[in-house]
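For reference, the chain that follows is the form predicted on its own, supplied as structure tokens.
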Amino acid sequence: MQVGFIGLGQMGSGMAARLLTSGENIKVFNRTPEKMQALADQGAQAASNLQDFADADVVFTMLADDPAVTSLVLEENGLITQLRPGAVHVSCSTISVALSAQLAAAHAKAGQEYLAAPVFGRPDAAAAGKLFLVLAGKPELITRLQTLFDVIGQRSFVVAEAPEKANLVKLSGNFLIASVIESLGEAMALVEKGGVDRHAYLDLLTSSLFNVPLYKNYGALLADRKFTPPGFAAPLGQKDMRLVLAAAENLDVPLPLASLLRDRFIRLAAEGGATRDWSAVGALAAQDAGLLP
């Protein structure tokens, strides 16, 4: 199988490196060419442009946002104009529900196939093949590509045949993660100002009521106040709150917490948080409590 991978940021580079272990022929592309070198050194073929994917059977994309996906896939000379009929585009990006539906329609019109496969997990999980994949698309396509999904992640969850449903699930999950970050930050600020060590408090929480990776991992970032370098940059969190609210408005579902979180991310951005991890939004509570400048 000829496999392509486009988008070699922190997540994409780890996922592409995992695919190199699959035994398939892997071709990679990034708009910043230097990011292809490490994978080329491991045996991947570096594409010079999107035309190099004309012979691909399947192409994965892992891109930052709707504009990046639109530019590389849908616009003039984009991926959709290069893929042969029958080839499959697997979008792992966290994008809007509307754009995912648009991609499905555009690929169908071009005689191509499309799957949505957004992932849960941070860059270390991507490098270790420990992501969780949310899949939506034709069952026969998922079955055909399952061996590749198994290389990328520790488990796949099929949620629907309409690809955009996977993006809805992914956005809902990121909303839940952001809610945990905010509530953890507020609780830590409360006990710290009351004289309790925040690290000891986190140990209590994650050894009893909340003995789960999400609380442990994000709790550690908050307790250590270690927000750089970012594993998931704050502007991406702000983007996801915007997208989940757009999906909710379309479905007439009020999400009052998501509205609060959107505003928290906007405040973080206004205070220069663009280069920090999105977990830094939880530290705003400590700042509000006078624990931080």
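Keep in mind that what you see is a predicted model, and the values were worked out from it rather than measured. Start at 1 and count along the sequence shown; that's the residue number.
A second form of this protein, the form predicted together with a further copy of the same chain, is not displayed here; the remarks below concern that form.
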Query raised in the report: Just one of 88 to 96, 198 to 206, 69 to 77, 143 to 151 has heavy atoms within 4.5 Å of a further copy of the same chain in the predicted complex; which?
Result: 198 to 206
Query - Proximity to a further copy of the same chain in the predicted complex, single hit among 34, 224, 55, 263 (heavy atom within 4.5 Å) - result: 263
Report task. Run the contact test on 22, 26 and 110 with a 4.5 Å heavy atom cut-off to a further copy of the same chain in the predicted complex and return yes or no. Result -> no
Requested in this report: Report whether the minimum heavy atom distance between residue 179 and a further copy of the same chain in the predicted complex is within 4.5 Å.
Outcome: yes
Query raised in the report: Would residue 129 count as a contact of a further copy of the same chain in the predicted complex, using a 4.5 angstroms cut-off between non-hydrogen atoms?
Result: no
Requested in this report: Verify the contact flag for residue 289: yes if a non-hydrogen atom of it lies within 4.5 Å of a non-hydrogen atom of a further copy of the same chain in the predicted complex, no if not.
Outcome: yes
Query - residue 165 within 4.5 Å of a further copy of the same chain in the predicted complex, heavy atoms - result: yes
Report summary line: Near a further copy of the same chain in the predicted complex, with a heavy atom at 4.5 Å or closer, the residues from 144 to 168 are 155, 157, 159, 165, 168
